[in-house]
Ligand code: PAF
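One chain comes next, on its own, written as structure tokens: the form predicted on its own.
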């Protein structure tokens, strides 16, 4: 049976018992409303650790003023059952007061320059400050040996990887593959906001990403690929934030034109709104 922990001192006692037993600890941080993508991260962590702990915390500091913090779905009972079925050993459920003991306004913040300032950083200013601030706190609380994050939030993973290196966290990051629905839509807690008609249209994102990849592999210029993708999404009814092809470090092409002219790994990324729902997705490929 999964152990549910709501007190920081109890969490530390739990972790200490595992440490004294010489066990390797895996960690999967989440905001809850879990689906198969999250459970695949538990399985990934389990493959690299003796014990796995997951957290569920809807972090207010990573939501902008016009974003969906209050309506973000909370499903604690289903999350607990799903984590137990996935093989998770413990669930950490911190409160906002426990996470930010001096209050949000007086909380210490972490800001990473560079990779946090592009793409999502442009369209969601301050978002990655909130992500880094809460993930750093979770790492300090759980002190894992490995931590698993999904590739669907590609830029978030890049930001966290930079933070882990910069702040010398003694842990290994595990990168989980995107889990998709049968029609290609990347699994996301926000998919449930979509109406039936919007849900059908949402599959255009994955189709567009595949098209971006195929055009790049055929030698089409990057700017042309990005522009065509934006038009395709707009014609399908999306409000497009960006369509981009980048190297995995997400360096802007104008900052490293010689890198973008060379063969190597690439990632196509899309962020777009459909009705009230903002969706992101990406696809990786090798440019010969």
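This one's a predicted model, so the numbers in the text were calculated from it and none came from an experiment. Positions refer to the first chain, counted from 1.
Quick note: we don't show the form predicted together with this ligand, though the next part is all about it.
Residue contact with this ligand in the model of the complex: residue 145 places no heavy atom within 4.5 Å of it.
Not displayed here, this ligand is kept clear of residue 230 by more than 4.5 Å at the level of heavy atoms in the model of the complex.
Heavy atoms of residue 62 reach within 4.5 Å of this ligand in the model of the complex, making it an interface residue. Though the partner is left out of this view, residue 79 does not reach within 4.5 Å of this ligand in the model of the complex, counting heavy atoms only. Annotated contacts: 29, 149 and 153 all touch this ligand in the model of the complex [non-hydrogen atom within 4.5 angstroms].
Of the candidate stretches 242-250, 218-226, 45-53, 29-37, only 29-37 contains residues with a heavy atom within 4.5 Å of this ligand in the model of the complex. Think of it this way: in the model of the complex, this ligand has a heavy atom of just one of 86, 204, 116, 135 within 4.5 Å, and the residue is 135.
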